[in-house]
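Only one chain is given next, in structure tokens, and it is the form predicted alone.
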């Protein structure tokens, strides 16, 4: 199915993570131009470039930007750089984040600050800067990668879960505020996805998680990526905004 994404410019944070890389690949397969954000050495994008080469996709379709989300003062400069190079930003995917498993009473102040800063505040600041050109365009789609933990389960991940709940509420509030500007904003809440971030969880609770999942398997990054494509496309989701899409194999049903 042609999702009409081949003329779009896609800004993707957290592009070097398991889910982020899967999202990059999915947009590239739709012939969109991606602007993946990475922190540190560009070699972190080598797996993506190798995948592109193996699939016959030109490197020109991937225009990375070195950007540390924690340095929020540079968000405006980042957006200006993307606009100067590409003229617009059609879609923002906020995929960067970090989890922490620790009993609540053992959380230090720094733990709360880190979870809120990486998973909520940095996302909100980048979203604010991207919304400015989107409002001028009177079009755009923003997809926030949240978590099932934003509204279910949560034992041992209190600060992370609270930050992700904030992402979902931000999504709803902004969708209401920006709808008349032609901008759609939704969030995706993954369940257990096979990535490095979930390795400890699946190692410790693998059998229990599998038994509780009606579909009988863990999710894969491409499961989240396909949901992202659906929400990004005006062809499939032009009347969808302010929604929390749960992609969890049904584990939240039990």
Partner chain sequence: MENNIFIKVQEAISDSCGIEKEEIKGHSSLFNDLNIDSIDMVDILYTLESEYDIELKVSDINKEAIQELGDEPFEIDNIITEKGLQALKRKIPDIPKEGLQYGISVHEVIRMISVKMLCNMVEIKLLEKTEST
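Numbering follows the first chain given and starts at 1. Since the model is a prediction, treat every value here as computed from it, not as a measurement.
Quick note: we don't show the form predicted together with the partner chain, though the next part is all about it.
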item: Exercise: residue 133 in contact with the partner chain in the predicted bound form, heavy atom 4.5 Å; value: yes
item: The partner chain contact at residue 124 in the predicted bound form, heavy atom, 4.5 Å; value: no
item: Any non-hydrogen atom of residue 165 within 4.5 angstroms of the partner chain in the predicted bound form; value: no
item: 4.5 Å heavy atom contact, residue 111 to the partner chain in the predicted bound form; value: no
item: Options 94-102, 136-144, 156-164, 67-75; stretch whose heavy atom lies within 4.5 Å of the partner chain in the predicted bound form; value: 136-144
item: Candidate from 118, 89, 149, 178 lying within 4.5 Å of the partner chain in the predicted bound form - any heavy atom; value: 178
